[in-house]
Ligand code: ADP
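Quick setup: one chain, the form predicted on its own, written in structure tokens, and binding and motion questions come after.
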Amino acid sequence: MKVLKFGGTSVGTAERMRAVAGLIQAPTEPRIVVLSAMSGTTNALVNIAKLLYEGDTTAGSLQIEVLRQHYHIVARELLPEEAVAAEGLKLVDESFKSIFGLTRQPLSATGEKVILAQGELLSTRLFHLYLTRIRGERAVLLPALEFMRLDADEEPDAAYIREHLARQLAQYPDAELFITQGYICRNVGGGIDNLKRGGSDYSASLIGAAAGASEIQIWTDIDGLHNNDPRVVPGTYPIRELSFDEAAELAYFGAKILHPSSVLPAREHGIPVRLLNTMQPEAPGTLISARTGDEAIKAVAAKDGLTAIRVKSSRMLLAYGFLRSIFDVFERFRTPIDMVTTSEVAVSLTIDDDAHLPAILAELRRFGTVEVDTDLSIVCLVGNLVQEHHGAAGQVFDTLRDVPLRMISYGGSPNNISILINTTDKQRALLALNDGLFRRATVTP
């Protein structure tokens, strides 16, 4: 069994859907195909939900109708036979009927999630109809809402997913091709929910783990994880192999091609993940597995929107339980910490979620003087940093000698050096690292 996930740009038009249909052909091995919503759909649905929340039902209804007409065009283009197109239009109208039904009363959080779920439901229903009625293939539409569920902590319920996915698959013992939705799920109360933005990658990894897949493929519009940010640095190249830990670090610290959580279920079950490009299916992409190569630094990623907090207290810093008290504040407000450094009189740390910042700062002031800096970025360098003879750290800091460094985290992970800088210096830092690490490596005899 293989799991193949296709992102929004991969199924963004009728033409792209037809191309995906050709990519999933593998008659000798069962496949579960996980689809995102068509590109642009989730943003449109978020905007519709926002208008309805604000009580602007006129504007919201207009946007719903605009999106409905767009899907009518897609359905007619994807399904050229008149009778099949009529089925497709009926499926489209059923989804939009459920959205229009939510305009008659104030929108609730539950209603918003029902709206957001329609993107994946539309893409999978139309794609399944195309496969079975136009191409004549045997394919089963697996409803993700029958097996994907969150637990009471709003985390994926792995045992439930495994049991209920197996139950669904057992109904079709001779089937070789299954189509299902990414992103959407149910919560512990049975209501429609989701895995947040980028959750289709997470869905694919969870499904792969639950099904005991031999491989998970993530198909996007770029040929693998690159060694640097291609939006900032010219001439980047895809990395052929990464370990699970290296990929997780890159995803968390800014590599947009992969959802940060998506590697974890695959790593726990030792399932390789392959990142591939639907626009260049012949490209080898990036293979993520348990194997760590010899390269000291393989790739760089950057994460923006960081806030640095420094708690200074000469009286309490060395007291027993002081650090625990600091971390307890962030745990109570469910705010993750990215970096931590300590000195004789201060603790400095960074967060990327400032939703509870005023309350956090109020509590931290009980322990000492608190200083806050914003508009910061973390630059993360990943590779095999266990081998000290590489001298990787010295090479990195020499490369960044002209860039002001705010914090440094090195030694906490065998795969990661993290550096905090001002966001205004990010482009200069990424370009310098590209010149100092990767171009130098390519010309070394």
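Nothing here was measured: the structure is a model prediction, and the numbers come from that model. All residue numbers are counted from 1 along the displayed sequence.
If you look for the form predicted together with adenosine-5'-diphosphate (ADP), you will not find it shown, but the lines that follow are about it.
- Screening 147, 127, 219, 178 for any heavy atom within 4.5 Å of adenosine-5'-diphosphate (ADP) in the model of the complex leaves a single hit, 219.
- Residue-level contacts in the model of the complex: of 229, 338, 295, 112, one residue has a heavy atom within 4.5 Å of adenosine-5'-diphosphate (ADP), and it is 229.
- Look at 155 to 163, 323 to 331, 251 to 259, 207 to 215: in the model of the complex, residues with non-hydrogen atoms within 4.5 angstroms of adenosine-5'-diphosphate (ADP) sit in 251 to 259.
- Taking the partner from the other structure, adenosine-5'-diphosphate (ADP) in the model of the complex has a heavy atom within 4.5 Å of a heavy atom of residue 9.
- In the model of the complex, adenosine-5'-diphosphate (ADP) sits within 4.5 Å of a heavy atom of residue 224.
- Of the residues in 59 to 96, none comes within 4.5 Å of adenosine-5'-diphosphate (ADP) in the model of the complex through any heavy atom.
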